[in-house]
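Both blocks below hold the same protein chain, though in two forms, and each is given as structure tokens: structure 1 and structure 2.
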Structure 1
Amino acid sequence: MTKIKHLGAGTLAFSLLASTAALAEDLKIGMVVTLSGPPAALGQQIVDGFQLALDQKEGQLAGLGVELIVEDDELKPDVALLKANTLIEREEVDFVVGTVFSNMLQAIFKPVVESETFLISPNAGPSTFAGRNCNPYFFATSYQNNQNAEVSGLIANEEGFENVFVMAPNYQAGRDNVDGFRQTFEGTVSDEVFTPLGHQDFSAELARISTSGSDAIFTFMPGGMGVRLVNQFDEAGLSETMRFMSVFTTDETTLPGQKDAAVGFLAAGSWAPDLPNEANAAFVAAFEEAYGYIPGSYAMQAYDTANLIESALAATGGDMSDKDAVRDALRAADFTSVRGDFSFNNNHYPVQDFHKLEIVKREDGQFHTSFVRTVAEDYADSFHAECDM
């Protein structure tokens, strides 16, 4: 657990008038992310991205000192639930920021929102809470899971792919991604495979892929699963016979383990480290200087989350007592996102641009996703019409 406290601005002058210094009221933010096992890099990016924003603001958000409490869900729903309950009941946090994985978000969702604590997801974006089960206390600063896959389907159409092999882990985000790809892809899905979450040996799946007659594969395999899949795909010689496109399988968390095997692979997303805008260039440079590695979308989304919270606090004068006012201020999204245009739909999921990305090797030998072109502008998710907010 990490706790960081800073004093709010303006307290020094008041302390001169009292024998005991009056401290600005601390804002408590609880964070639930995965920091154990192969997916730990994803959670660490979220911690680092959020912390960078705090450091740039000298530990404050809108003049309030921040106490950040980081909890590891260990990629176990029961642990995530326990940690979330601790943050709500014992720590009495003002916001819960989490999670990395959709099944972890599903585990903590009910107790957090029922306590009328604002829950902001910097990554997980399941369809579960985008439609009829949307909630006024839940916001996602990332995407709705299906969106990236829907854009992947559009890219597959433009690339002229006719037969695509689809593969994802068998949990909410995996199913969302498969559904999203099927929604927009105009060709034939030659086969559809769901693997266990945390799957490591893809030899059986690769054998099926090699005999499927596919001209491309679309997959969602985050973290260590993605590292193993890409390396085994390359070792099997499949890179020479079909194209590889994915969502969060080849990104800044997995590329250090995939390296040249992933160069040229396609991806879809709302952001890349070289997305051409001034705010993004400043963010990436500051992140690399602070942490020594290239940020991925997890870090970017967490950085935006901190700035979103600050924008709401600024609009409400730091007053958390009026939940409706805080919600309205969050919904306004009055901050500069490093991804460019950003707003919330009625279901509190983002409306944003999505792009075709390609894996490249930088001159210094590091690998990253690279912006190619914008595929969809102001793209809303497919479930918002079912939300009655």
Structure 2
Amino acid sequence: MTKIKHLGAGTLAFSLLASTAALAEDLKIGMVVTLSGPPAALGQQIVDGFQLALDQKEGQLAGLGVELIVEDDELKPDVALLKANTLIEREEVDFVVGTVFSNMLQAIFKPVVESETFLISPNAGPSTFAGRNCNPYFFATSYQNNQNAEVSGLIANEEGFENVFVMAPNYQAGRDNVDGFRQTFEGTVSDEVFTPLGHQDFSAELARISTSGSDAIFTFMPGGMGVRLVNQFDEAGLSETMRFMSVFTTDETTLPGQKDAAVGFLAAGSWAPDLPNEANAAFVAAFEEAYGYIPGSYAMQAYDTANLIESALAATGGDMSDKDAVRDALRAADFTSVRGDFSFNNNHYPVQDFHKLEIVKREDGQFHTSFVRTVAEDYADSFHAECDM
């Protein structure tokens, strides 16, 4: 079990430490993220982003000393459930922040919200909890899963793509993304291919893509799959004849492995490290200085989550006992998001702008997603009408 006890600035003198240790009882935040296996980089970004916000506030949120307990769900639903139960029953945390993956969220959702503990997702945004099953104790600070793909469809329309080849891994999120893309894309989907999760060799698929006569490919291949696909796509020479657009395939967690092969590829998202606003510039600079790598959307969403919690606590004067008041304060989303405009919909999913992004190489030789232009303003998800909150 990983336990990170946040006791203010760790370098303080003993007397000061003693006084902050007393404060550490004030607020307990439990975090359930994936920190092992190939997708560990995503979970690490969430921990780092959240920790950065805490460090900047010297370990306090709205004047309350914070004890952050980080748990690894190992990308196994049963482990996630066990860890979440530990957090709410033994540690009696005030907030649970998690998860990276939607299937992990589905595992921990029920016990956490039934214990009337606020559950805030810094990344996973499944459709399941956006519509009829929305819950007063659940908030997502990220997006609804389908949205990025829907916006990709809009980008494809704007780019004038007529035939797009669609490829995704054969599991729920893969299918959600394909559905999302189909929902907004007005041209023809020339073919759709579902690969196994963790697919190694894309050359058979690439051969099919090359004969499909498509203008572009749309894909969702998170993590290592994305690195392999992009490198093999480039090696097969397809970059010269068609465009590559994707979600969660070319981002700050995969670009160190893709490098030049991904430059110029299109992506859709609610944020990029160079999104022009003051809060964002400060966040990215501070993050790079603290952790030595360019933050991705995962880190950004975790950072926003910490600021959201602080804003709610500030509104209630640090009082956690009146759950309705805390909920109202969370709903108000009265914090400066590094994404710019940010508010919660009735289903507690964000309403935010989505942008067209492009992969660029920075002057220092590092790669990141770059803001091109806003495609959808104040974009709400397609499920909120079914939610009766």
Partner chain sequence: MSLTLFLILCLNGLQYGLLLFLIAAGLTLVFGVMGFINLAHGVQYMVGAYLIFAFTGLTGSFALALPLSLLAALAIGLLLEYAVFRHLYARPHLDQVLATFGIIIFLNELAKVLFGPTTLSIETPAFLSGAIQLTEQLRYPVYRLATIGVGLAVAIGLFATISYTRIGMLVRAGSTTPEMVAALGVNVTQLFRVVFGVGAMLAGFAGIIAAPIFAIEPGMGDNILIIAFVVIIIGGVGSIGGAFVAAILVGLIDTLGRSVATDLMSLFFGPSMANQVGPALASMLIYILMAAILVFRPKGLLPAKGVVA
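Every residue number counts along structure 1's sequence, beginning with 1. In this text the structure is predicted, and so the values were computed from the model without any measurement. Here the rigid core means the biggest group of C-alpha atoms that line up within 1.5 Å when the two forms are laid on top of each other.
Comparing the two isolated chains, structure 2 is the one taken from the form predicted together with the partner chain; structure 1 is not. Core-superposed comparison between structures 1 and 2: the CA of Asn103 stays below a 2 Å shift. Here Leu197 counts as shifted, since its C-alpha moves by at least 2 Å between structures 1 and 2 after the core is aligned.
Residue displacement note: Gly269 has its CA displaced by under 2 Å between structures 1 and 2 (rigid core superposed). After superposition on the rigid core, the Cα atom of Gln172 is displaced by 3.0 Å between structures 1 and 2.
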